[in-house]
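Next up is one chain by itself, shown in structure tokens, the form predicted alone.
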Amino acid sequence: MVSRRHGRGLEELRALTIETGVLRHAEGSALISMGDTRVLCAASVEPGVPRWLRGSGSGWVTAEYGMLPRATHTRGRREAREGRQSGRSQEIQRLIGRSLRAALDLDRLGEQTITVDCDVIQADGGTRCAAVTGGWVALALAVDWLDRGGAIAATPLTTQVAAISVGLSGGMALLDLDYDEDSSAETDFNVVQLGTGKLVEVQGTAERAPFSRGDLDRVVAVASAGIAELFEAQREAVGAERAARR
């Protein structure tokens, strides 16, 4: 039997909080904590769209991802000092961007861009999943800001999107991996799902042993149950912020 920190069950999320309105100037912001992983998400609205979208009437949502130097056990160098982003950062921010876009009707946004910045202030596994989940909350609040200002005729948000990690260890499926679990798992997955139940992405890597189709189906089922809890936390966070503004 696999033993987890804090006596957590195999299919139990880490302690989860989502705090909204944490940045004064951002149109939407959220600080998400999943266990000891903390990610600050800020959504900024700007007029205009990338050149290849100009004149289309469609909007754009994109994301940027970074990790503070002391978010990990040892200090990392700021990527700005290197003069370029790491391949990992580029891959993660593309994942965040396409995940958020899957939850919108960009035509309703009009020719304006929302950029969601996701900065990891403390990392203990699952940073990309936390960024997607918290990023949606920041995005939803930015859309509310546009609606209050009369900048959109109808909300472009069509559903929620959230993400969670699952690992296979000793034949068991473990939900929401921390760093130690992720490092030792035989296989690890990141699952991104919409509120409609449709999947945006399933990333799976056999680190120590290949997995079967049955394993994949089991992982997605475990992830979906965990994501349902994340959806509830997102709704509560956005609802509380809306209530505070009335």
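One rule holds for the numbers: they count along the sequence shown, beginning at 1. This is a predicted model, so every value here is computed, not measured.
The same protein also exists as the form predicted in complex with another copy of the chain; that form is not shown, yet it is the one meant from here on.
Listed stretches are 169-177, 132-140, 67-75, 149-157; the contact stretch with another copy of the chain in the model of the complex is 67-75, by a heavy atom cutoff of 4.5 Å. Each of Val22, Ser44 and Arg81 places at least one heavy atom within 4.5 Å of another copy of the chain in the model of the complex. Though the partner is left out of this view, Glu27 does reach within 4.5 Å of another copy of the chain in the model of the complex, counting heavy atoms only.
Although the partner is absent here, Glu91 sits close enough that one of its heavy atoms falls within 4.5 Å of another copy of the chain in the model of the complex. Not displayed here, another copy of the chain is approached by Phe211 to within 4.5 Å at the level of heavy atoms in the model of the complex. Taking the partner from the other structure, another copy of the chain in the model of the complex has no heavy atom within 4.5 Å of any heavy atom of Gly195.
Of all the residues from 174-205, those having a non-hydrogen atom no more than 4.5 Å from another copy of the chain in the model of the complex are Leu194, Lys198, Leu199, Val200, Glu201, Val202, Gln203, Gly204, Thr205.
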